[in-house]
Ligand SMILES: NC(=O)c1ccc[n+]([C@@H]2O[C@H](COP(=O)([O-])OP(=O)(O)OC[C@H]3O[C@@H](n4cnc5c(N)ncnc54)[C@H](OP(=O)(O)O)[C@@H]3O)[C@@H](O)[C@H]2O)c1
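This document opens with one chain alone, in structure tokens, the form predicted on its own.
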């Protein structure tokens, strides 16, 4: 069975529209990019379209060198009309992404990538958590009662795997979490016992039906291009024995909605207005 992520996204969007109306002004999101490839350009066009539908201003600024990008961030950090900043990926090898992230004000870090916002998760304060991690958790929460469930996370990136683990352990969610990665032994044995899987490994069809428990919930975070088609980290055949998020149109759809919600959340806090 496929999980209906479209309804989750729609609910978030409706809330965002209401809150934008309450603000009395249009919150502004700025994307910073450097030598964007075609997939990044497509992503930015998608974000622009989404922002327009929700009443959010959207702008793209580009820099070719580290100095140029630092100047862009400094300008945006001090611009009161800008409420959200995010960096596109991938960035050129010569660009120090961590150094750029350090310069983004945490209150405008709508992707939740700064050390401050990631660190806040340890204290169970999800001020602006990583959007994709939050999307995975929200989808899981909409599908089942997490408390006490055995959840296996495949992948340990700082944008998905690690923050998902921390968020699932938060008091009130209280999941029992196992994190697997490329050096994990006997992966199928571990995944087979899980009530839920969150897969963010970046490997096409890594998880197959034999690795999944009957009736489990599987959140596929992966986005891979194989033979000019977008596929996830989970074999679509898993749908026959478990609840599975679609790719495309699953986690990515909810992530985009949450990015826009974060812009509104940031605007509310910066302006002193409640949602």
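Numbering follows the first chain given and starts at 1. Because the structure is a prediction, the values reported are computed rather than measured.
Absent from the display: the form predicted together with the ligand. The rest refers to it.
Note on contacts: among 75, 144, 157, 176, the single residue with a heavy atom within 4.5 Å of the ligand in the predicted complex is 157. Checked against the ligand in the predicted complex, the residues 223, 31, 54, 242 give one hit for a heavy atom within 4.5 Å, which is 223. Heavy atoms of residue 81 never reach within 4.5 Å of the ligand in the predicted complex, leaving it off the interface. Not displayed here, the ligand is approached by residue 202 to within 4.5 Å at the level of heavy atoms in the predicted complex. In the predicted complex, the ligand sits within 4.5 Å of a heavy atom of residue 181. Shown alone here, residue 206 lies within 4.5 Å of the ligand in the predicted complex, counting heavy atoms only. Partner proximity in the predicted complex, defined as non-hydrogen atoms within 4.5 angstroms of the ligand, places exactly one of 5-13, 260-268, 247-255, 18-26 at the interface: 247-255.
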